[in-house]
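Form predicted on its own, single chain, as structure tokens, below.
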Amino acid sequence: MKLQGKVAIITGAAQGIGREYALRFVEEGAAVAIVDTRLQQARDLEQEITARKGRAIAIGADVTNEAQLAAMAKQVADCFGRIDALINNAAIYYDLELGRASLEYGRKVMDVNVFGVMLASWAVFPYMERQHSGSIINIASIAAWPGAISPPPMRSARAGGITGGDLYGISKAAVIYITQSMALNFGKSNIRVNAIAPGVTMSEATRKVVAGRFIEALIGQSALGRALEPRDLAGAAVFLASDDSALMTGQCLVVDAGCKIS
């Protein structure tokens, strides 16, 4: 097991892709903190994991709330004795409104998708610095590259053609920048910071947000000719959290079945 004895925090882990990260990390021997605003769902997953003899704790916290995240990190360290990995998975996606491009909505997307990554990383940093080790894994998206996902899901009447989908892409481009900046700043403490950029993944959220014809078009243009399932992303996260990637930092792994190169 690649993560035996390690402790991982996963934000937005109560459902979807975050849930798959949690389950796979437990399979690999890690203890996991399931951090989510949906506390009952997080507790249900905790019970599922502990019933399988895994180690887990559910914590209700909002990634935009610095005090809640500080308390969360302390609770994890008190419970498990250390913090080895953080997956910054929480984001506005399940409730993404592709056609909404107001300034108010843009600020909401950035608050969760960008500042949430920063706040959670700052919360765990003192614990990782103290043990002189750690891996932070940020979740970006191939939406960070204009044109990587085509055709566009929706045209906007707003001047400049900006949509809610564009706001999501902008936020994920910022995540890649933050990843590289934090890698430089945290490296002296032996804390690695990398990112995963998933393609369109057949999560419950994707099926809710993205039109079926658009999904079919993406599958058709991918090099491997298939869609991603949530569990397909877990292996990359395990790799980045494990000692197999001990000398990798500041990198962004694209996992998209070849959409970005097609």
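Numbers follow the displayed sequence, beginning with 1. If you're wondering where the values come from, they're calculated on a predicted model, not measured in any experiment.
If you look for the form predicted in complex with a small molecule, you will not find it shown, but the lines that follow are about it.
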Could you work out which of D62, D232, D44, E28 is the residue within 4.5 angstroms of the small molecule in the predicted complex, going by heavy atoms? D62
The one residue among V109, I191, I139, I83 placing a heavy atom within 4.5 Å of the small molecule in the predicted complex is I139
Does the small molecule, in the predicted complex, lie within 4.5 angstroms of each residue among G12, Y168 and G199, using heavy atoms as the measure? yes
When the contact criterion is heavy atoms within 4.5 Å, does I92 count as touching the small molecule in the predicted complex? yes
S222: touches the small molecule in the predicted complex, heavy atom cutoff 4.5 angstroms: no
Though only this chain appears here, would I17 touch the small molecule in the predicted complex if you measure heavy atom gaps against 4.5 Å? yes
Could you tell me if R55 has a non-hydrogen atom within 4.5 Å of the small molecule in the predicted complex? no
Quick one: find which of 182-190, 125-133, 73-81, 168-176 has residues within 4.5 Å of the small molecule in the predicted complex by heavy atom distance. 168-176
